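The form predicted on its own is given below as one chain in structure tokens.
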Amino acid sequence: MMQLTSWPVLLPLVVGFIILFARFGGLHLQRSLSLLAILGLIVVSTELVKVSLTGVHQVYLLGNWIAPFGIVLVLDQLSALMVMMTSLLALGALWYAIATKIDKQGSHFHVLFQILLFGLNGAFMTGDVFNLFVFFEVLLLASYGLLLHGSGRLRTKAGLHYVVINLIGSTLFLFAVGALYGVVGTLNIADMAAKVAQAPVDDLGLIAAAGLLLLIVFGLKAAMFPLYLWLPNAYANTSAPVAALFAIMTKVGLYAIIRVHGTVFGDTAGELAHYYAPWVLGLGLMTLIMAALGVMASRGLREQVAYLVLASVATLLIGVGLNSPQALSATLYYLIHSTLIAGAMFLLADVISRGRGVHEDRFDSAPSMPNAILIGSVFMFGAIAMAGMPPLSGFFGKVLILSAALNQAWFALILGVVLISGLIMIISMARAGSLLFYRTQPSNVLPGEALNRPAFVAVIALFSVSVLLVIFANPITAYTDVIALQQFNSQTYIEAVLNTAAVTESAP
């Protein structure tokens, strides 16, 4: 079982290198290998979820070096959930890329796709802050290539902003890591938590400052206010399957806050216990306000979906900032919903853009697209899900988060911001749907491409998650309750990592 913990990291890495050398066999071979790898990853992640349900942390010692001296990979219920979501989203994005032949628009699409998965899964599984930085850099390098895949002026401009902002974030990450290492003498998350709990009073100020600097870095990855400006252009101008997979990218920053700050500055941290939570809550509310204004001001559907992703991130930050097991459980439920539905919306935006021809996804009047009734119905479903209206899972997630905020001192402010921003997004998406599907020009000629039905399967499959989250809401929320309780009991994580012994050979 310990070796199984390493598979989500090693599988995409190994397959990525195999695909690199298999390019001489043609694109069909690369596609087959990439799809098989994603299917294998889904099987592995399913098994990891089953293993994590035992409640026992699985710790894999790379090189057989015990913590905190060696690198560790840690499987718990939260990391298993993140790996599962990543693999499901990756399957939908890859299927769409192959069905629409987007992967033919540039070199090494499938190699970069697998390396991005390697970085994502590594970030979710690592138990070491420095290696979290390493996996961040790996996934960012792969994302640079995927972002620019297919070239184009706007894509290159957005990619440049994305690169510069993330390079600044990487520099700040090193400063934060260096400061923490200088004070506590370790970068293993579990050992760091143990050292912070015993830190002398004179060091608490420096530790708190380093922790806030680390929060800025994770906030940049999550697109938290005021560090969100890179997201709309980057997500709106890249190809649809890449944007869909990028829906999980912002969740890496959110996961890092839960994992690192929730463990290092958890209940065992004394005076610094959960000191970061008010910052996360306040900045999450500001992010939600700016996201709602962005949704309202968007000039095209892909840009609007990018701001909707930002709104979902803001809602998740509010849930994390509430800092309770109930709130974290609600946040995880909404995390599943928002990640997969956002991926589906990016794919749907591309379907609409192709169907409208030269008008693309701009909010202006155009001739009716092929299969407008079917596509418009799916768009209405997605709009209801993303805006958080009943009876779909977005509504349930927001209600759960607001229920967890009832006893919070800022409840009136939280309620007001969530409801008003939700109303703005509902009105904006209703306007978008009206412009795209109802205010059409009379024409006897179809403006764009016919519906690519194999590609549309990926859109429907991802949207179906919202229905499943409602039908199975009771067992899913019970599952997220268990995950949340495990995260707040950080002592079990610390003990599991620090007490895992090296593997010894048995006597013959």
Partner chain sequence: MEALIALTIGVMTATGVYLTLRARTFPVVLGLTLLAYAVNVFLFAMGRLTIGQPAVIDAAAAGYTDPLPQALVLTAIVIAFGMTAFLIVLALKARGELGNDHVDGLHQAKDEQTQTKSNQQGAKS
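Predicted model, so just to flag it, every value in this text is computed and none were measured. Residue numbers count along the first chain shown, from 1.
Omitted here: the form predicted together with the partner chain. The next part is about that form.
Asker: Counting only non-hydrogen atoms, which stretch in 358-366, 181-189, 241-249, 95-103 is within 4.5 Å of the partner chain in the predicted complex?
Answerer: That would be 181-189.
Asker: 417, 375, 163, 277: which sits within 4.5 Å of the partner chain in the predicted complex by any heavy atom?
Answerer: Answer to the contact question: 163.
Asker: Of 159, 284, 382, 394, which one comes within 4.5 Å of the partner chain in the predicted complex, counting heavy atoms only?
Answerer: Selected option: 159.
Asker: Is residue 148 close to the partner chain in the predicted complex, meaning a heavy atom pair under 4.5 Å apart or at it?
Answerer: Residue-level check for residue 148: yes, a contact with the partner chain.
Asker: Answer yes if any heavy atom of residue 133 is within 4.5 Å of a heavy atom of the partner chain in the predicted complex; otherwise answer no.
Answerer: It does: once the partner chain is placed as it appears in the predicted complex, residue 133 has a heavy atom within 4.5 Å of it.
Asker: Please determine whether residue 171 contacts the partner chain in the predicted complex, using a 4.5 Å cut-off between heavy atoms.
Answerer: Within the cut-off, so yes.
Asker: Is residue 144 part of the interface with the partner chain in the predicted complex - any heavy atom within 4.5 Å?
Answerer: It does: once the partner chain is placed as it appears in the predicted complex, residue 144 has a heavy atom within 4.5 Å of it.
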